[in-house]
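Included below are structure tokens for two forms of one protein chain, each presented in isolation as structure 1 and structure 2.
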Structure 1
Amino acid sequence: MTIWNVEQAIALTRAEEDQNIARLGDFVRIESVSMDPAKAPQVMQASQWLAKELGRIGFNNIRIHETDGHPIVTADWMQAEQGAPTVLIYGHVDVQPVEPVADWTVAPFDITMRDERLYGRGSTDDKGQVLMHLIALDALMRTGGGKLPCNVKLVVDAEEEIGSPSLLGWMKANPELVQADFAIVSDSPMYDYNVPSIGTSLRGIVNLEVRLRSAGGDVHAGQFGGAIPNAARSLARILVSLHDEDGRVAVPGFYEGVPDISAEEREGYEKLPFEEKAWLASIGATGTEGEAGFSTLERTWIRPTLEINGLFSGHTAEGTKAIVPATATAKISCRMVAGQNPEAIQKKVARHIVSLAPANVLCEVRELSIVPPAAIDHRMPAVQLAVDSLRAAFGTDVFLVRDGGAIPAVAHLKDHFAMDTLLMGFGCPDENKHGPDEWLALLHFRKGIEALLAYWPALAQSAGASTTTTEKTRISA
């Protein structure tokens, strides 16, 4: 029976922190932008870099699976002691584009340390967090005689930033590489800087595109203006009708399936440290706006929403052009909460929009991609152990929080493999994910690794598979 000396592993990762940051730099310098077809070779290169790291650490069955899109990397280590759980780690090596490059104050594809932050594209989303797992497992392996406390499978995507289009099909074709007792995903922010949290739900996404056509082409506003439908105005009228005066989405049946949140949970939200002014200031906004009767956290966590993501019609270049535009397009996305049927909601929104189209205007609604919502069973013991490990590493309270975002893999694991996911993210809410100057807090990088080092032995121990010498005082700090 292996005795896991977590203190020794922590000391090792602290000693090697500079090397590990350098390793993150190597990873970030690979420009693996999945949205850019021209960068497909770099996406493959990032997958290969990861596979090589996994081999160095001692993982087995390392494979790079081809898909219709970018590759998926898998590996495992399945020699844990009897009774130890099997855990799937999911992450991704692809990143968002870096445009507008001029808005970065550091090199986008490199790691720059400034003010205790690690800046660079992918530093937090998700290369940095994937690497934190590898660093922790490597340290456990090296301080545990080449062994790990638990069986570990890895599935590392390279299409997460484009909605993981290949993932579900690949998972269904390779269930043996996916199935585990539960999954861990580190691809989200903590509740706040130095305030660790575990996510309990993710909102899904339903995308739609509305296209109106009122004439064969743009026409002269002098000759025809005032007498024919204006596609841009018709679109504005439709868009305005999608919410009522209380900020509720006015699509019939839109809130179907939204679970009642207990008064207890809602009261819990009120007790969370939340500085609305700072939250607004972080994005340069001056006030909130949303569904009446719900707080800001509730609006982003437990309520479905409908947002316009983009609009265009007629003359969009500099200067003036006296036309009545013949076409107008809106991009719309809805966030769904667990319990809702995204396909059904998508059809309802599409049908409703078509029903709002004014006379003499053609209205086409394209039903685009869907990411299902997901709720996690936060009563599972793995969650409580994670709370303990985070509390130990960060020395502060840990919150169970919901997340407004979406990760396709989490819904797929729940819906198709009955697997819950431990959402243990190490980012920060104002980390500029997807924007210029993306960053990961050095403190989170360090403490996150230490939480993971504590977590794996604790998980094995709770299953009766091994023991740990980690000082109890640290665990319960």
Structure 2
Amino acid sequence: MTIWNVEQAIALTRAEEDQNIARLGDFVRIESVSMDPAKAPQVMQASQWLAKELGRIGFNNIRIHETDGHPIVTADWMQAEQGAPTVLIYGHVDVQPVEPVADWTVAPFDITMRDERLYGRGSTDDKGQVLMHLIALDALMRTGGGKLPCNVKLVVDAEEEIGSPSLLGWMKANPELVQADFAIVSDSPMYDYNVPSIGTSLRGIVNLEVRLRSAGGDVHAGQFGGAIPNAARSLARILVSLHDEDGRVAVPGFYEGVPDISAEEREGYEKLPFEEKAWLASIGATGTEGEAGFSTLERTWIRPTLEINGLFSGHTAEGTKAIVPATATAKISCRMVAGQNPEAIQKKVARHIVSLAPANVLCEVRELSIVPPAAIDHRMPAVQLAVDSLRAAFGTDVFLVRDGGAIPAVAHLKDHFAMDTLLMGFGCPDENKHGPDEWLALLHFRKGIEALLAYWPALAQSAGASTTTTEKTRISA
């Protein structure tokens, strides 16, 4: 029987915090931007860095799998005591582009400590959170005689930021590397700073690109303006019409399959500690807007949305250029909730946009990537154990919340492997992931690791494995 001394493991990670932050810096300095083909060597480098780190810790069967896109890293440790569960950890090494670089106040591909925050691209999404798992498992191994409380598998993606196009096919071809009792994903924020939470659902996402052409090329505004269609104006009219005056998406059938919110759930949201003014101030906004009849939390968690992500047409450089633009393009994404059919919604939006285009303008809509929504069984025992571990580490209440983001792996595991996922993220809502000055709170880095250290032995013990832990009800500050 192995006795897990969580206090000793915590002391080890605290003593090595500077080294672990330096290790995160090494990871962040690899510019693994998956959507940039020129960065493919760096994406592979990040996967290789991770594989080497897994080997240093003591994982087995470490492999870097080639796909049609970027690689997938797998590893395992399967020598736990009899009765211990098998858990899959999923994460990703790829990151978003850093443009506009001028808006960063720190070096994007490095770790900068400022105001108790760890700044750098990937610090929270998702290199920092992946590394937190490895730090916790490493400490448990080193203080537990080279063992872990549970059997652990890892699948680490390098295409999550582009919708994980290779992941599902790879999973289906390698089910033995994926199957487990459940999965853990740390790729999301907590409810607030020092307010831990467990996610109970994720919205899906469908992406489209709209292209309009009104002439063979841009023409002189003085000679042709007012007499031919303007692609920019035509696109603007289409985009404005996609929402009605109440903020609802005006695409026929867009809300099909959306479940009604119960009075009990709505009452629960009203009890959450949410200050709208502070939430707005954190992103430099001055007011809210959206679907009438729903609160801000409801709009971002349980309602589908349609957003214009990008717009470009005509002359955008310095100075003026008197033209009638011949082309205009918009990038659109829709967030779906569990119960909706993303493929059907994507086609409905595409058909509706084409129907709105003027007869004298050519309209093309490209249907791009899709990530299905996912609902999590928050009643599974693994969730309550996570709540207990988070409460012990952070010393605060833990909330069950929905998440407006999308993680392809979670839906794939549920839909194709009947596996639930524990959404146990350690970021902050205003962490600037995908934007300039992305950051991870140092407190969350520290306390999140400590929550994971408490979680693994508790999970093994609850499953009846022949293991025990030193008594621990609250982790001291």
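The term rigid core refers to the most C-alpha atoms you can superpose between the two forms while keeping them within 1.5 Å. Being a predicted model, the structure only gives us computed values, none of them experimental. For residue numbers, the reference is structure 1: its sequence is counted from 1.
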key: Selected structure - the one that is the form predicted together with a further copy of the same chain   = 1
ask   = So, does Ile407 move by 2 Å or more at the CA between structure 1 and structure 2, with the core held fixed?
value = no
message = Checking Ala382 here: with the core superposed, does its CA move 2 Å or more between structure 1 and structure 2?
response = no
query = Superposing on the rigid core, does the Cα of Thr74 end up 2 Å or more away between structure 1 and structure 2?
reply = no
query = Arg213: how far does its C-alpha move between structure 1 and structure 2, core aligned, in angstrom?
reply = 3.0
